[in-house]
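Form predicted alone, single chain, as structure tokens, below.
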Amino acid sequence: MSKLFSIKEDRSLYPEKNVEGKIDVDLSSHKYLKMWHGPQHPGITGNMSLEITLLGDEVMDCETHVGYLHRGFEKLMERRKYIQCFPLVCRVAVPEPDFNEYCFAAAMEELAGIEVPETAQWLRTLVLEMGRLSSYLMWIGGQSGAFGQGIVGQWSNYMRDSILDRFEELTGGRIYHMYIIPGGVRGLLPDGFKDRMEENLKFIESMMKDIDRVMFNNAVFKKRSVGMGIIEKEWVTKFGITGPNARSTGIPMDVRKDYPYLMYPKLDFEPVTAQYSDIYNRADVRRRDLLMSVDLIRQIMAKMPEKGEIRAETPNVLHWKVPAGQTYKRAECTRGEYGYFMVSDGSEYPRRINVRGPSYTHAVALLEKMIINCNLSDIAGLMVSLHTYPPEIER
């Protein structure tokens, strides 16, 4: 590895990029070093790998490689009955599986003409916000850890465990929940659930003040993140950027507002935005979005009915022939727009399912453009700032 740093700091050695951001040099030259970053690397967002070309310690070219984790979900679902797909869809985004459950169920319900009871819609909204909170708590530890602040990751995982306790209490599972099913949900809130959730939310709010001091107000974190990894506003449409990566450029894109679903129209919130999309501002947008989820969970628990119907009448799920047709259902996850395109031919099996995960554009097209001229030591911080889950790419 010492060869990486053997080239003298002579800027005349560094090639110029053309208008497409590519390098007009022969990267097979002896001055350049090819190496792999991941998949077994603590700074990788999941099990993926980057094949990078270095000049000194600066990235000159990058090719993303995925497929080291779960993959092939779409084809697997075409060979299973609809109800058998629910244990599969959770794996497409492990830290935030509930959006897959919702989009899959909502697509089935639209094709079958099923109306979900109001109480079930409130519970679905609650579970999605709990999943958002859990995912952000995992991400914030990764972003801080990528810049050497391991203690924040310890705190955030401890906070996340408190939300996983509530998931386990409600659904029976900590990671994969399979709580949202066609026609509704699997059960009502347990007795005392709201009180225990409120304790968790207060704890998270208090701990976030410590994270603000240690991470967001930290001079080292600011020095390494401010002005780095900038997303230009005009890239949003060009690359299909959504979620916090888009909102940090000043565009208030949020499926919960743009295409209202479930009970979000009855909740009081506005999309969190910034004006300058570098790593620091993207982190701050997610921090504020995390705190907004805390507020939304409180609103949901205050407004939702204590009891009511939680499932609509459905056919026998083992022999359910969904009417022929096609639809696209979307939701706002922590990475942006999450969607399922479902095609039914009227049989017991899906004809075609296509998952629209934000990671596909963020972790391939966008990352490969942004990483050029990035320092080797900053690759992990840049990757985490885009918040990606590899199974959404090779799904």
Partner chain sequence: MGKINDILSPFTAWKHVVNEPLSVKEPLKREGADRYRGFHKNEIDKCIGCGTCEEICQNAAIDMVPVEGKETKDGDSGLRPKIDYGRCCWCALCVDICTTGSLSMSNEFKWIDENPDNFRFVPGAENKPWDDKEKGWKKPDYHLYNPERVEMHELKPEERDKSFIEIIHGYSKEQALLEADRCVACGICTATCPAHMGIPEYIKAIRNDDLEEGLRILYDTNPLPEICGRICTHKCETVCSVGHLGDPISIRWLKRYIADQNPSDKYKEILGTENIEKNGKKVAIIGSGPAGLSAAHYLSLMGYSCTIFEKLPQAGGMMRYGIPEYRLPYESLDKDINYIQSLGTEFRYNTTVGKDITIEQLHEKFDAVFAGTGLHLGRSTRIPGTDHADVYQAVDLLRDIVLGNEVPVKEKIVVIGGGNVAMDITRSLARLQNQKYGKVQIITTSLESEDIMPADREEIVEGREEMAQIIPGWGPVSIKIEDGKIKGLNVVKCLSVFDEERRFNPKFDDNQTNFFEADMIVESIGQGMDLSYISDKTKENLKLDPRGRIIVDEYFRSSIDWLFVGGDIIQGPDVIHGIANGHKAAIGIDNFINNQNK
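Everything numeric in this text was worked out from a predicted model, so none of it was measured. Numbering follows the first chain given and starts at 1.
Below, we refer to the form predicted in complex with its partner chain, which is not included among the displayed structures.
- Only one of 259-267, 309-317, 129-137, 92-100 places residue heavy atoms within 4.5 angstroms of its partner chain in the predicted bound form, namely 309-317.
- Residue-level contacts in the predicted bound form: of 273, 171, 200, 121, one residue has a heavy atom within 4.5 Å of its partner chain, and it is 171.
- Put simply, of 251, 292, 230, 207 only one has a heavy atom within 4.5 Å of its partner chain in the predicted bound form, and it is 207.
- Each of 81, 176 and 185 places at least one heavy atom within 4.5 Å of its partner chain in the predicted bound form.
- Of the heavy atoms in residue 147, none are within 4.5 Å of its partner chain in the predicted bound form.
- Contact annotation: residue 181 falls within 4.5 Å of its partner chain in the predicted bound form, judged by heavy atom distances.
- The closest heavy atom approach of residue 214 to its partner chain in the predicted bound form falls within 4.5 Å.
- Although the partner is absent here, residue 192 lies well away from its partner chain in the predicted bound form, with no heavy atom inside 4.5 Å.
- Contact residues in stretch 84-102 (any heavy atom within 4.5 Å of its partner chain, taken in the predicted bound form) are 84, 86, 87, 88, 91.
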